[in-house]
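One chain follows as structure tokens, the form predicted alone.
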Amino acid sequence: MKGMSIMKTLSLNYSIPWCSKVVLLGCCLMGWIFLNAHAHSNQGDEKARVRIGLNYFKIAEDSCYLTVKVLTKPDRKYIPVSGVIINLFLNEQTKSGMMGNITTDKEGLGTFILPDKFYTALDTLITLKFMARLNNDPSFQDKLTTVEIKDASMVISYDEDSLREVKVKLLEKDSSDRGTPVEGADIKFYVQRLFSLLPIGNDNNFTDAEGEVTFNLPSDLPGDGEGNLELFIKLEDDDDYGNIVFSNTLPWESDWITVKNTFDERTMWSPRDRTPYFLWIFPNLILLAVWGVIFYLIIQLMKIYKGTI
């Protein structure tokens, strides 16, 4: 009993005052607020993720380039990323494998013409492994996109008599000089018009087991003013071969285009002194009819005012 009274006395003597409890509670509250603020600041400093699209283009046999598109998704919609530097490599991320750098524009796009050392490597390579890397950017996380492309080429031949029949053969590069025919590739045909390319033919022109597809140019297709027709043959967005574009200018029948000089004739697009007669007659008749009605009404109002009606 004596021991219990001593413990009770000690507990009463060493109890925390209410003011100290309030100070301790305030310190705990401020510490919690500080930790939350620090956590939110860390979240705000976290780098955003990006998405890099990489495409390979082969124009005939003498020009190849890469296109890059960089996007980010801060909310629910992708937006372009401008002003970021993308490193481009071939086969390996080393100094020897580096092709160069590209900076994206305001649309998040960039085009890179492959240098001469790419064509030197192309002579000995069958499969091309391109890499686009975003590294050490202050606003975005590091990102690496890899695309593997098999080198292929087109062999194009025409009907010697009319040039209307076009035969395309798609060959994948192999260890031999002949190449391996590519079956099931969708070949597109276009002709150059004034402002853009015009697709011609049906949408499905797939190569056969020999890698060939035959296309007949429309008989009513006009050429340009010099009697030529610029034909484009494309393999677009293929998973194995990328984009391959071949073009050729064909001597076409210039008599399909008849240009009539109407400068001295009275047409809608002639000068003012050669306005068509009907544009002189009918508008003036309409004006006379309108003003005639107005004068007739004025005369009738004057008669009403004078009391003659």
Partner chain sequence: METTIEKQQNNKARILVEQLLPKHFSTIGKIWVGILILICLVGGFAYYRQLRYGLVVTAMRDYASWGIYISNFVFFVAISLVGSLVTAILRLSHVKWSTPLTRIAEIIAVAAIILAAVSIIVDMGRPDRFLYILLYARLQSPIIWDVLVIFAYLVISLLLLYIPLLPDLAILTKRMENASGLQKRIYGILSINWKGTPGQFRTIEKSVNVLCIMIIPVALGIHTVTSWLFATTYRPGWDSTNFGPYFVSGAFMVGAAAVIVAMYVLVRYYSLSEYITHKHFNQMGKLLVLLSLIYLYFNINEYLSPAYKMKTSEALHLKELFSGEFSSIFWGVQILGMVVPILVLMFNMGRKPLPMFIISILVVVGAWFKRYLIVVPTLLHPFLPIQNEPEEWKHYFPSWEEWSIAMATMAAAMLIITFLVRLFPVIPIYETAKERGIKLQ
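Residue numbers count along the first chain shown, from 1. Note that the structure is predicted; figures quoted are calculated from it, not measured. Superpose the two forms; the largest set of C-alphas matching within 1.5 Å is the rigid core.
Only in words, not in the display: the form predicted together with the partner chain, which the text now covers.
Contact annotation: the partner chain lies within 4.5 Å of heavy atoms from the stretch 264-272 in the predicted complex, the single such stretch among 66-74, 237-245, 264-272, 46-54.
Taking non-hydrogen atoms only, Thr249 never approaches the partner chain to within 4.5 angstroms in the predicted complex.
Interface membership of Leu279, defined by any non-hydrogen atom within 4.5 Å of the partner chain in the predicted complex, is confirmed. Once the cores line up, the CA of Ile281 ends up 2 angstroms or more apart between the shown form and the other one. After superposition on the rigid core, displacement of the C-alpha of Thr267 between the shown form and the other one amounts to 2 Å or more.
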